[in-house]
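We begin with a single chain expressed as structure tokens, specifically the form predicted alone.
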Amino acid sequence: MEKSSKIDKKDSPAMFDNIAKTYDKLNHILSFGLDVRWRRKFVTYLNTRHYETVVDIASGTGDLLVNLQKLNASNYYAIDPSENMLNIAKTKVPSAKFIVAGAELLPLVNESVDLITVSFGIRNFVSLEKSFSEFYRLLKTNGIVSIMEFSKPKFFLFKWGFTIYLKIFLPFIGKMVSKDKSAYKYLQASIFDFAENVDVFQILSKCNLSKLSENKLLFGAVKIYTCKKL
């Protein structure tokens, strides 16, 4: 069940605007380069059918958008509340359509989308239920939503390592590279808060999206949740 967070997520677009220039570099450093492999794996799980229209929510600087080109869809949309992040994404995939918006109110028509993706972004949504309801509205029948997000590993050694990484390593490196300590304190807290408190499939189900699969990466520290609109 979704619990209220102590983090004010409404301020996150401005925060991401501030760190946009160093965001890609920090992603690679903080994940030890594994983020590249995770995105490739994510798209591999989706490459089983043809999609006419793909919408990447919380698209950020567009790294997943680049990988989604392998699906050879006719239309790509990148949506994010941070304009500075999307400006970087535009340099990577200029053929996509870019929209500055939050996930809770998406400016696209009903039942017009075959695939919705989110990569490490749902923990920043102000309301998961409103966002997932929007996903349901946009999807065609048999449309897919696939979400990749951090999760807490169950095995105690990996759980311990996950906690140490979030509480010490992430904010320290974030401060060193981006010079914005508060931003990476927020990211640390948002990951920990989400992994502790949110049951993603339960909320997706509440919004009438049916579970297809769950895939675990890095011993369960990252999960991929895939659902379908019936």
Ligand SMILES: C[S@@+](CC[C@H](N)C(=O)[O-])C[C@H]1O[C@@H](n2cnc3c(N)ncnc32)[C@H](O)[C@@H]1O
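Counting begins at 1, following the sequence as shown. Not measured: the values here are computed from a predicted model.
Just so it is clear, the following notes concern the form predicted together with the named molecule, a form of the same protein that is not shown.
Chemist: Even though the named molecule is not shown here, does Asn124 get within 4.5 Å of it in the model of the complex, heavy atoms only?
Modeler: Residue-level check for Asn124: yes, a contact with the named molecule.
Chemist: Just to confirm, Val55 within 4.5 Å of the named molecule in the model of the complex by heavy atoms?
Modeler: Answer no; every heavy atom of Val55 is more than 4.5 Å from the named molecule in the model of the complex.
Chemist: Within 4.5 Å, heavy atoms only: does Pro153 come near the named molecule in the model of the complex?
Modeler: It does not: once the named molecule is placed as it appears in the model of the complex, Pro153 has no heavy atom within 4.5 Å of it.
Chemist: State yes or no: in the model of the complex, is some non-hydrogen atom of Leu138 no more than 4.5 angstroms from a non-hydrogen atom of the named molecule?
Modeler: Judged by the heavy-atom cut-off of 4.5 Å, Leu138 is well away from the named molecule in the model of the complex.
Chemist: Based on heavy atom distances of at most 4.5 Å to the named molecule in the model of the complex, which listed stretch, 139-147, 108-116, 125-133, 69-77, is the contact stretch?
Modeler: Partner-contacting stretch among the options: 125-133.
Chemist: For 77-91: residues with a non-hydrogen atom within 4.5 angstroms of the named molecule in the model of the complex?
Modeler: Heavy-atom contacts within 4.5 Å come from Asp80, Pro81, Ser82, Met85.
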